[in-house]
Structure formats: C-alpha cells, structure tokens
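The data below hold one chain only, encoded as structure tokens and taken in the form predicted alone.
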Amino acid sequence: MDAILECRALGKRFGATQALENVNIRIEPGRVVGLLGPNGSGKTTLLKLANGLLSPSEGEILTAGQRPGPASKALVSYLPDRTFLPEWMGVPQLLHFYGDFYADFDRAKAEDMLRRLGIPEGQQIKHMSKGTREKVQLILVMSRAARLYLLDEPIGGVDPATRDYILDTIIRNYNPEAAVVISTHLIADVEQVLDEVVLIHGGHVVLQSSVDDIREKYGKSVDGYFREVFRC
C-alpha cells in the first residue's frame, strides 16, 4: 500500500539548532495518527514540512509519493495551532474564500457543521471567542476532500463538552483513502480515535506503533505510556 506521508532520514535545522534529525516514518491511508511529544520536540516543525511551509535540511518528505510543491499542497488540509483567519471576515466570506481557493471544498458539509455547533453565519471573526474561532477553522479544514489532514492542537482551546463532537467530526468527515495526523498534548482525550502514534522527543522519533500494540506490550494506555516515557 502506498504511503500518504513518508519521511526518509528527514532533518530540519534552524541555524545552529537541529529541530528534527533522521526522522523515518510512514503513514498509510485510513489511519488516524497521534503525533505526540513534549513542548519543543519538533511536532509543529514536522507538520509544517509535511505541508510544504518549510523545506527539509536533510532527507526527504513525500505526500502521496510527491515531494513538496503545488501538487502535494493540493492534497493537504492543514490546521495550524494558532488563529489564521482574517478578523474582518464573517462566516459567509470564509465559505466563499475556501470555495474559491480549494477545488475540493464541500460548502454544504461546512454549513451543516456550523449549524450543528450553533455558529451564526453573520458573525465576524473578530467578534468570536477563541474557542469559536478554533471550531470554525477546524470545520473549514475538515470540509475539504484532502488526502492528508494535519491538525495541530485541534481541541486545545475548546471546552470538554465540545471535544467529543470535534473528534467525531474529524472521524466522520475525512476521506477513508486519506490519513489524519493529530498533534496534541491532550492524549487522554484523543486516544479513543487513534489507530497509531508517533512519539517524538528532541527532534527524534522515539516510537511509531499502533495503539493496540502499546496496550498489549506495555499494559498501559497511550496516555499512561507517554507519562512514563516523558516523566519529568
């Protein structure tokens, strides 16, 4: 089976700082993968490389067999860990913007999710709470028929009551021929939807494993195993 995301001896330096080194991972279609690690471990750098926002210093990264470029970027739907929407825009303008910019954007799907979360169409971004902005961003990202969804802290700013809905939204709205990579610190909240995890620390991949294998081999949940490996 062809990989949706593949890293081969991937490295990234920022000046004298080695953010990632000799990263080798392979993610196949139909998988929901947790990208887990302490702060500063290189998770966001890896997601930006996969989205073509950064260029590798060593090795290579492939999306559906393609090196970063216009063709690979068209296959990736990326949710950054901070607000990226123009504050002057309202929901209708955002829907038009995504519809014009992305050929695979499903406006009807986005409108349905907005209604389910009770987000008024006439509200401007600047008048939304931080949590509502993050919900809108996630809805836009998940309303594309992409091959690779890269989600950086998708539930970090929402209340616990909304997290289950958002995770369900992620699972129900991605193409089964696609893969989803979720970078998060809220491991216990996302563990239920993960097929496998990539643990990263100090720019190195510590482990890539299925969730079931971690539970069977170590007798722990992913959250419990993470706490043991990265205990302060």
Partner chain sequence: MEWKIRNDLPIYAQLVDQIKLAVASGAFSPGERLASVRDMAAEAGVNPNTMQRALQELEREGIVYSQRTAGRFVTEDAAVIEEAKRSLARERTRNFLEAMAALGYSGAELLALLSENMEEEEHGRDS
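Positions refer to the first chain, counted from 1. Bear in mind the structure is a predicted one, so any value in this text is a computation, not a measurement.
Form predicted together with the partner chain: not shown, discussed below.
> Which single stretch, out of 49-57, 187-195, 36-44, 65-73, brings residue heavy atoms within 4.5 Å of the partner chain in the model of the complex?
Replying inline: Among the candidates, contact is made by 187-195.
query = Only one of 25, 19, 10, 211 has a non-hydrogen atom within 4.5 angstroms of the partner chain in the model of the complex; which is it?
reply = Contact residue from the list: 211.
Q: Flag residue 171 as yes or no: does it have a non-hydrogen atom within 4.5 angstroms of any non-hydrogen atom of the partner chain in the model of the complex?
A: Residue-level check for residue 171: yes, a contact with the partner chain.
Exercise for review: Give a yes or no for residue 202: in the model of the complex, does one of its heavy atoms lie within 4.5 Å of a heavy atom belonging to the partner chain?
Suggested key: Result no; residue 202 lies far from the partner chain in the model of the complex.
Can any non-hydrogen atom of residue 32 be found within 4.5 angstroms of the partner chain in the model of the complex? Output for residue 32 is yes: heavy atoms within 4.5 Å of the partner chain.
Practice prompt. Enumerate the residues of 203-221 that have a non-hydrogen atom within 4.5 Å of the partner chain in the model of the complex, in sequence order, or give none.
Written response: In sequence order, 211, 212, 215, 216, 219, 220, 221 come within 4.5 Å of the partner.
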